[in-house]
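Only one chain comes next, encoded as C-alpha cells, the form predicted alone.
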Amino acid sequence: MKFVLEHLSKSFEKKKVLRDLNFTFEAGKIYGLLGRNGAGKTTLFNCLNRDLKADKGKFYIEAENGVRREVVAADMGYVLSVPTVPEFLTGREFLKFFMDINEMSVKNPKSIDEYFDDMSIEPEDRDKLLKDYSHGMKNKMQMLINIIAQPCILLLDEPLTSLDVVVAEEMKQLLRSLKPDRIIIFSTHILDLALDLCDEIVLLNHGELEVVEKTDLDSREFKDKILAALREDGNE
C-alpha cells in the first residue's frame, strides 16, 4: 500500500506554506517528518486530515495492484500534540463509548481492560475522570483509540515532545509494533528523536518535502545536512 500526495499546496493570504508537494509514503515504515517550528508540519497534517482545505492538489491510497482509491475517514488516524479527550468521562467510559459507536468497524475487539493493559494504564487509573489524567496518560488514551480503530495511515503531530522518559519510551515501542501494514508519519522538530524512531527522514523546508538519504544514522555529515536545512526560516 502507498499513500500518494500530488501537487498539494496551501497558502494563508500571501504566505505560501505548502508548495506543490509530491510524495509517496509506503506501508511498513515510520516516516519522520522533520522541520523547525513553523515549517508547516501541522498545516500539512490538517490538510491530509481534511481539517483544512488545500488550495490545490490531491492525495490517495494506491494498493499493491496499482488500483487507486480516495482516502476516507476510517483510513486516517490523527494524534494531536495536545491531547483532546472528553474530560467529563472516565477512561473506562471513554473507551466504552468509542467502542460502542464503532462497533461495526472495530476488528477483533478486546475487552476494555485488555486495552488498558496494552497501554500500561494502571487499574486504579481506569475509572478516574480524564480531566485528572496526566498529559502522558491523555496522550496514551488518544493513541489507544487510534489503535482500536486500526487506521491504515497514522499522523502523529509531536506526540512525544512533552512526555517523561518512561512514557516516551513506551510510546516508541508501541509505534514500532504498529508498523506492519500501516503508514506512520511522525512529525517532530527534534533530530535525535527522528533518528531513533523513524525508518525514513522527510524534511519539510520552505514548503517543500525532501527525503534526506541516510546510509549511516550516526554520520556527522548526515546530521549536518539536516541541521543546515533546519536553521533556515520556515513559516506555518
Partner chain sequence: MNKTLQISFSLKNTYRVNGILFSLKQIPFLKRLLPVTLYKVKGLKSFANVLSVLWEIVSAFLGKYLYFVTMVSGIGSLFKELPQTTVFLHILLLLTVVGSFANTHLFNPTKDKYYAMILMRMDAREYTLVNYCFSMLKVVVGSLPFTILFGRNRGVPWWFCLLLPFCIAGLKLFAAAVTLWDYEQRGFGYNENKLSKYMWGGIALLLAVAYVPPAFGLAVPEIVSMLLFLVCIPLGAIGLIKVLTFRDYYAINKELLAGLTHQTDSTTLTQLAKQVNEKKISTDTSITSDRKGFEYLNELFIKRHQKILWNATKRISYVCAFLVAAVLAGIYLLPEAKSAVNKIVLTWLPYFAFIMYALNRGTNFTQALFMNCDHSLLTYSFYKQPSFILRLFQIRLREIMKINAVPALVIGVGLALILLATGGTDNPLNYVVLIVSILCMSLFFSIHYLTIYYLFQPYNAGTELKSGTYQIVLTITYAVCFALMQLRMPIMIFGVMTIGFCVLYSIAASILVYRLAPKTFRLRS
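Positions refer to the first chain, counted from 1. Keep in mind it's a predicted model, so treat the numbers as computed, not measured.
The form predicted in complex with its partner chain is left out here; the points below concern that form.
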item	value
Contact label in the predicted complex: L174 to its partner chain, heavy atom within 4.5 Å	no
Heavy atom of L193 within 4.5 Å of its partner chain in the predicted complex	no
Any non-hydrogen atom of F98 within 4.5 angstroms of its partner chain in the predicted complex	yes
Contact test in the predicted complex: G136 vs its partner chain, heavy atoms, 4.5 Å	no
Contact segment among 166-174, 51-59, 198-206, 33-41, judged by heavy atoms lying within 4.5 Å of its partner chain in the predicted complex	51-59
Within 4.5 Å of its partner chain in the predicted complex: residues from 128-149 (heavy atom criterion)	L129, K131, Q142, I145, N146
